[in-house]
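The chain below stands alone and is given as structure tokens, in the form predicted on its own.
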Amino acid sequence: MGKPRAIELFAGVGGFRLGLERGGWDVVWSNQWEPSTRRQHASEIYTTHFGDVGHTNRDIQHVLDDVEAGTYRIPDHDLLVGGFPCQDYSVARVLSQATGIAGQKGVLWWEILRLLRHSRPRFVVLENVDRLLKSPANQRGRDFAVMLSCLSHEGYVVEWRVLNAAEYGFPQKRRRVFIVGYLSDELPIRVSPSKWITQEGILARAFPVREANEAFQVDTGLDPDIVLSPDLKSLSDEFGVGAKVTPFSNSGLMIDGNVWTRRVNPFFEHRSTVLSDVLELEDEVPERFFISDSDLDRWKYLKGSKNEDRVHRASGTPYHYSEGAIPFPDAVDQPARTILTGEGGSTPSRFKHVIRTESGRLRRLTPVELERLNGFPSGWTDVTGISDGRRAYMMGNALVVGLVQSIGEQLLPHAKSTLTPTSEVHTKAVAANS
């Protein structure tokens, strides 16, 4: 019967696929399309490495229109994965500006749900920025509550964890929420929320946590912290109204609309990799990545603390602005700060990484180093005609491949234990949609 099969939405440059294939899965279909972009760089990089068989570079809405019309078929699969677009929850934006699930990118959640309803995969793994758990600003946690309720309605049990890659040995402080769902018949009938979140769940086995606190020692008798309304309209209108903080902590479990959520602390005993572990030799770095003396004062200003009066450009309104300093240069004996999409280019910036070389010169990180920080092979994004800045942008949008690999490895025994021939999978999917 072979390996369990996965499909990938919002594939980017292939981080999910790399992790899954390293974890023992077979990725049989993928979709990547960037709106309002003439040249589809991410799709080009993806097909350079994986080929174009089973890959689509089209708007997922149009793909699913064709699927439902019977003119296109997505291969049978056990697992659906996707790092669904997170621009509306970006860590680089002020939270009050985030438009949430109703925003231009947030609406793609409904395309994920549409595909789930059609194909009924046994498992689903999704990734987003951790801001998802507290969005939008005027209804803390509403967007995540709607997603959980949708998945519950479709028969999925869901666990989630906010993972900082650096806390599990990776060389970047990249914080993301991973959501793992299972059709209810894939799990034991009785599940202990505390043991699942801290010991037995996919995420707990992939990423161990320290001993649970006293409040979480209650076993199956623990009442849920949140009960989600199955009525999405009322849930969307009422959840989180007036709340100053989200009710969702950094880990949790949802069964039949009942939610248990607690803060857990990572447990990792091995050596962590740091920024210096991914750096290229100084004499191999092109001169364009080194900072000129003429730009140094601007770099220092942008990286430094500020407490100053300013005037709003558009309205002319005066206001006071303050912010703290960030490291300049970046420490190389620690995991790197999070890569953002604006990492590329030589223009001085507050958020770009700058290191001091052995010779004492200052320089930016190269695309190869950014790839390594996310766990991609060196040169992964080096495709003809793609600039250094665009390569950096791709890594700002990417995920840490090793996190996906760990999840895939822990999910694999569940998938293999009940691995169904593809013909039977297809029969079940057709029956579920008839």
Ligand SMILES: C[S@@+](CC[C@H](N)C(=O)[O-])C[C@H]1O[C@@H](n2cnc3c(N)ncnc32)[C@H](O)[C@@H]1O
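Quick note: we count residues from 1 along the sequence shown, nothing fancier. These numbers were taken from a predicted model, which means no experiment stands behind them.
Omitted here: the form predicted in complex with the ligand. The next part is about that form.
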note = Within 4.5 Å of the ligand in the model of the complex by heavy atoms, the stretch out of 364-372, 47-55, 390-398, 22-30 is 390-398
Position in contact with the ligand when the complex is considered in the model of the complex, options Pro121, Gly83, Pro136, Gly344, heavy atoms within 4.5 Å = Gly83
query = With the partner left out of view, is Val13 within 4.5 angstroms of the ligand in the model of the complex by any non-hydrogen atom?
reply = yes
inquiry  = Under a 4.5 Å heavy atom criterion, is Glu409 part of the interface with the ligand in the model of the complex?
reply    = no
ask   = Does any heavy atom of Gly70 come within 4.5 Å of a heavy atom of the ligand in the model of the complex?
value = no
ask   = Should Pro35 be classed as touching the ligand in the model of the complex when contacts are defined as heavy atoms within 4.5 Å?
value = yes
